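First, one chain by itself: the form predicted alone, in structure tokens.
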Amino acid sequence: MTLTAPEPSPSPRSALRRATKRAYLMCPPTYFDVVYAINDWMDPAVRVDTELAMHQWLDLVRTYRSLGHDVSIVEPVAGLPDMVFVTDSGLVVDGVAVGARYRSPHRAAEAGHVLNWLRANGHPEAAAPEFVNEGEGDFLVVGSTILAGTGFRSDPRAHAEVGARLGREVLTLNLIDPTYYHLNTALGVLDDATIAYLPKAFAPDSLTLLRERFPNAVIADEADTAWLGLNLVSDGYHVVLAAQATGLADQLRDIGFQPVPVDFAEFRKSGGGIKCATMELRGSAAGGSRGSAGVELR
């Protein structure tokens, strides 16, 4: 389904871009907090404003809905403060779901809750992977190809496992900067042929691969990636990204995309951004829009 853009882009290259309706899975930040440290962003001594976090999350949900997209909700679970970052718990392509297996024991239980949701919502075949696989944290779909990150979280053996399960080409990318511990912190997918990325996050061989496969990619600046600007969600035209990533927004506007800034900064305290909170349900039937656990999305 093609969506009508709510406002024209100032760039004539916007004629090349087409928004398509998407379906997303999200989890309310009811229990969001920073109580352990499993990446360079996290500091349990830094207080989380839970009320602000919920406000920012609801704003993100409303943004997706205003763009015409469907949002389904998985129930949050007490004791799992990072479950709001639901994208790490699976990958859905062509209506086929692959579950996750976390490296950190702190997050291990999240995978089972999301797997159960997937099985109950149109994916009875969904199964946990054999190897460590942190879902769309490290697996990003670009057209018919899946870019797969490794180095800090997902096991490289999971790349072949995902390729065999989904019947798609999987390209391994080695991450070398612990600040960008998941692929989706260092690379954002804009449409079926276009990506944006931060070169310093990748090993030389992976950087060569990116340059060869995506010669027209947007090269991001650290001033924007420091706000997790590449942790973005695009429907092919509208790009929902951190409000603070203004330079990246200008770059996207210049090549015909429509930036949609959202302030999601409270979640940066845990090293999470907009994409972290959004799993795409590719090829799945649209789910409900009413929140759970007392969260009303309308």
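Just so you know, these numbers come straight off a predicted model, no measurement behind them. One rule holds for the numbers: they count along the sequence shown, beginning at 1.
The same protein also has a form predicted in complex with a small molecule, omitted here; what follows describes it.
K.L.:
Choose one stretch from 65-73, 245-253, 46-54, 263-271: the one whose residues place a heavy atom within 4.5 angstroms of the small molecule in the predicted bound form.
P.N.:
Only one stretch qualifies here: 263-271.
K.L.:
What I'd like checked is whether I38, M42 and D88 together line the small molecule in the predicted bound form, meaning each has a non-hydrogen atom within 4.5 Å of it.
P.N.:
Judged in the predicted bound form, I38, M42 and D88 all sit within 4.5 Å of the small molecule.
K.L.:
When the contact criterion is heavy atoms within 4.5 Å, does N184 count as touching the small molecule in the predicted bound form?
P.N.:
Output for N184 is yes: heavy atoms within 4.5 Å of the small molecule.
K.L.:
Answer yes if any heavy atom of C276 is within 4.5 Å of a heavy atom of the small molecule in the predicted bound form; otherwise answer no.
P.N.:
Answer yes; at least one heavy atom of C276 falls within 4.5 Å of the small molecule in the predicted bound form.
K.L.:
So in the predicted bound form, does any heavy atom of R153 sit within 4.5 Å of the small molecule?
P.N.:
Yes, R153 is a contact residue.
K.L.:
Residue-level question: is R107 within 4.5 Å of the small molecule in the predicted bound form, judged on heavy atoms?
P.N.:
Output for R107 is yes: heavy atoms within 4.5 Å of the small molecule.
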